[in-house]
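Okay, so here's just one chain, in structure tokens, the form predicted on its own.
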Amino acid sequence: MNKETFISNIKELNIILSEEELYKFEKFKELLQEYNQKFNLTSIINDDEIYLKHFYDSLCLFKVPEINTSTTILDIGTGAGFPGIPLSIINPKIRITLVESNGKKCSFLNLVKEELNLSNIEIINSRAEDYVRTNRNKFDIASSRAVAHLSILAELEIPALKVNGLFLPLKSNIAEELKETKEKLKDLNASIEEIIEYTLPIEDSKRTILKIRKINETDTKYPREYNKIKKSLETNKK
């Protein structure tokens, strides 16, 4: 997906880019390519794949109407800034918190924030469970893209949501993970409201956004330590 195709396709998401926004995406791409050599940020480094698999895919969260009316978003395990930074470029009114445990990646994110003048993002260098334990019931939306198994993400992110907030993980093939996560969602007082399926342009690869609503406060025992969450999932799979 080249820049022109990117501009055309996101119009279907009701996004019309200004010159300033387009400049920020182009600058972000250049920074990603330059600093990837130092920090090993991503395996996706050519122009067309960045526009398709990083920028366009992140912006598909605008398929969920509540993105436009939310004021706070949590992006856990953001890596090089996805989906959080593309969202922040498009809607500067949303306060977006990027949580990343890798210090070098956080250094890159701070550079991007400064270079693109993204005053609406906050970068937190922390393990997800440590951050969420002290920031419960705080966010309208929590999201992650290609970070971990759905059951793990749910336990890490749902406690950070306000009651009635939305957990919106970006996934590819989800059927097996969803089956293994249904009981966990009940424990976390959350329920699946909608499954949004679509394909990425150009390569026609399958993608899914789960729209999961927090219906009541989550027990304070969650989230557990990451290793305990992972071990519990492995035990349940047996």
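In this text, residue numbers run from 1 along the sequence as written. Keep in mind the model is a prediction, meaning the values are calculated, not measured.
The protein also exists as the form predicted together with a small molecule; that form is not presented, and the subsequent description refers to it.
Just to confirm, L111 within 4.5 Å of the small molecule in the model of the complex by heavy atoms?
-> L111 lies outside the contact set for the small molecule.
Considering only heavy atoms, tell me if N120 and the small molecule come within 4.5 Å of each other in the model of the complex.
-> No.
Would N135 count as touching the small molecule in the model of the complex under a 4.5 Å heavy atom rule?
-> N135: no contact with the small molecule in the model of the complex.
In the model of the complex, does R127 have a heavy atom within 4.5 Å of the small molecule?
-> R127: yes, in contact with the small molecule in the model of the complex.
Which pick from V99, L150, I90, I96 sits with a heavy atom within 4.5 Å of the small molecule in the model of the complex?
-> Checked against the cut-off, the match is V99.
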